[in-house]
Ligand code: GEK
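We begin with a single chain expressed as structure tokens, specifically the form predicted on its own.
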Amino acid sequence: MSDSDNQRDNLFAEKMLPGDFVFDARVARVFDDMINRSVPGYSTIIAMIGVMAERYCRDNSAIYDLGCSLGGATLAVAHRVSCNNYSLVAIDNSPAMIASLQNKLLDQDFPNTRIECRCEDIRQSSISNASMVILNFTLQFIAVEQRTELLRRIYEGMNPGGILVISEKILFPDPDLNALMVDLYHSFKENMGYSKLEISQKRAALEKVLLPETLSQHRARLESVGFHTLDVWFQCFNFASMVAFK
């Protein structure tokens, strides 16, 4: 998918029947526009993932982008990292997303990087020799009861000193604060050109698919599988990104 193929997100502009959100070809065509207009600070998060990869990648290791979608984080890493003999593994369970990323890579040249695209369920993915793992707005789409096991498998596949970057939509324990952050977020989306109808319909479509948790829940889970140092490095409204060290 070239830049000219990217389309403006108007998937929820017309009144539609209820249904769960699906990462299909329609979403893939507009995803770059959708994610940048829907997640405050997304471009900053992507850029800084590249910076962290440059710092923590080690020669002869692997970096995994789990739930890579169109490869925003994958490409940020590839543009920044100059380690010797490292591999970059981009995984997503959406055939449309992986196909679009593969098309993007046809126009890119990264002589020092081996990029492998896999269309598979990250819950079954093999992870090994990882100096960095990226879960950029991915864990929130995994069933809550399956998240600990996924993180445990990630931890076991990482090298000592490696880092996990995990970005998520979050909840706030205090209902008033949570309501404020949701309102501010909806105002952000309106300022990005989304109508109230679009905001309402997309929220309904994601309600049973995207299941956010509090930061304390994320911290407790990460610590339970072995990560010893972790904290938030970026937050805007009800979106946050954490870094955790093995």
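From 1 onward, residues are counted along the sequence shown. Worth saying up front: this structure is predicted, and the values here are computed from it rather than measured.
A second form of this protein, the form predicted in complex with the named molecule, is not displayed here; the remarks below concern that form.
Peer 1: Just give me the single entry in Asn129, Thr148, Gln108, Asn93 that has a non-hydrogen atom within 4.5 angstroms of the named molecule in the model of the complex.
Peer 2: Contact with the named molecule in the model of the complex is made by Asn93 alone.
Peer 1: Answer with one of Phe31, Tyr194, Tyr56, Phe188: the residue that has a non-hydrogen atom within 4.5 Å of the named molecule in the model of the complex.
Peer 2: When the named molecule is considered in the model of the complex, the option within 4.5 Å is Phe31.
Peer 1: Using a 4.5 Å heavy atom cut-off, which stretch among 108-116, 158-166, 172-180, 68-76 contacts the named molecule in the model of the complex?
Peer 2: This holds for exactly one stretch, 68-76.
Peer 1: Heavy atom to heavy atom, is Met97 within 4.5 Å of the named molecule in the model of the complex?
Peer 2: Heavy-atom contact with the named molecule at 4.5 Å: present for Met97.
Peer 1: I'd like to check something about Phe23: if you look in the model of the complex, is any of its heavy atoms closer than or equal to 4.5 Å to a heavy atom of the named molecule?
Peer 2: Yes, Phe23 lies within 4.5 Å of the named molecule in the model of the complex.
Peer 1: Should Arg123 be classed as touching the named molecule in the model of the complex when contacts are defined as heavy atoms within 4.5 Å?
Peer 2: Yes.
Peer 1: Considering only heavy atoms, tell me if Phe137 and the named molecule come within 4.5 Å of each other in the model of the complex.
Peer 2: Residue-level check for Phe137: yes, a contact with the named molecule.
Peer 1: For 35-50: residues with a non-hydrogen atom within 4.5 angstroms of the named molecule in the model of the complex?
Peer 2: Contacts from 35-50: Ile35, Tyr42, Ile46.
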